[in-house]
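Here you get one chain, nothing else, as structure tokens; it is the form predicted alone.
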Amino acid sequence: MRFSVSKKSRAVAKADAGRERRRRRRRKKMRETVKLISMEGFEFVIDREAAMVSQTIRSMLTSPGGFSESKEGVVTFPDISTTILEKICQYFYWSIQYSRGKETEFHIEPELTLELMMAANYLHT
């Protein structure tokens, strides 16, 4: 018995394969990045490696309990302002560079010091 595949079914199969490849790439990209959301709703999309500088975020993203943070890669901080969360994200990237031997200064504005220290204590950074 001989089977033949029409040109139309080949085209459909090729289109499905393309969609699946794009879907896999999107999922992979989502696993490589993390979205941090401040109390005002601002979103910071950062590399997962940078987010892992924080022990708290690392625990949220890697816990086996099936928490939404580990499934979706989104962490909301209802008590951290946008300004502070932005500075924390900068620190994560600075910390990676520092650990690789690039010693640069990390400037902290004096008016942010107290809030930043409280957030750093919560995030274990």
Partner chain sequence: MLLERLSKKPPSLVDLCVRLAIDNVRYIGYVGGVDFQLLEKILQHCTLEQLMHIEDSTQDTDLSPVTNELWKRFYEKQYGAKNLSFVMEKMERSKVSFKWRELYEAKLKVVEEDEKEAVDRLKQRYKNEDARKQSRQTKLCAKTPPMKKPFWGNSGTSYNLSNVKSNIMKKAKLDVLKSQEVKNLTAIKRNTIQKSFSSPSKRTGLSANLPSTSRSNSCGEQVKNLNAVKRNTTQKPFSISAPKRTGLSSTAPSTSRSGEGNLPPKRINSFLGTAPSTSRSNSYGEGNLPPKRINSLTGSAPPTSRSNFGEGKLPPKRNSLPGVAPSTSRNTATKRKHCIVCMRASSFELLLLEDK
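Residue numbers count along the first chain shown, from 1. Every value quoted in this text rests on a predicted model; they were computed, and no experiment measured them.
Beyond what is shown, the protein has a form predicted in complex with its partner chain; the following relates to that form.
Asks: When you measure heavy atoms, are 45, 54 and 61 every one within 4.5 angstroms of its partner chain in the predicted bound form?
Replies: Checked in the predicted bound form: no contact with its partner chain for any of the three.
Asks: Decide whether residue 98 counts as a contact residue for its partner chain in the predicted bound form under a heavy atom distance cut-off of 4.5 Å.
Replies: Although its partner chain is absent here, residue 98 would touch it in the predicted bound form, with heavy atoms inside 4.5 Å.
Asks: Can you check whether residue 79 is within 4.5 Å of its partner chain in the predicted bound form, heavy atom basis?
Replies: Answer no; every heavy atom of residue 79 is more than 4.5 Å from its partner chain in the predicted bound form.
Asks: Indicate whether residue 72 is a 4.5 Å heavy atom neighbour of its partner chain in the predicted bound form.
Replies: Residue 72: no, not in contact with its partner chain in the predicted bound form.
Asks: Using heavy atoms and a 4.5 Å limit, would one call residue 49 a contact residue for its partner chain in the predicted bound form?
Replies: Yes, residue 49 lies within 4.5 Å of its partner chain in the predicted bound form.
Asks: Who in 73 to 95 is close to its partner chain in the predicted bound form, meaning a heavy atom within 4.5 Å?
Replies: Contacting residues: 88, 91, 94, 95.
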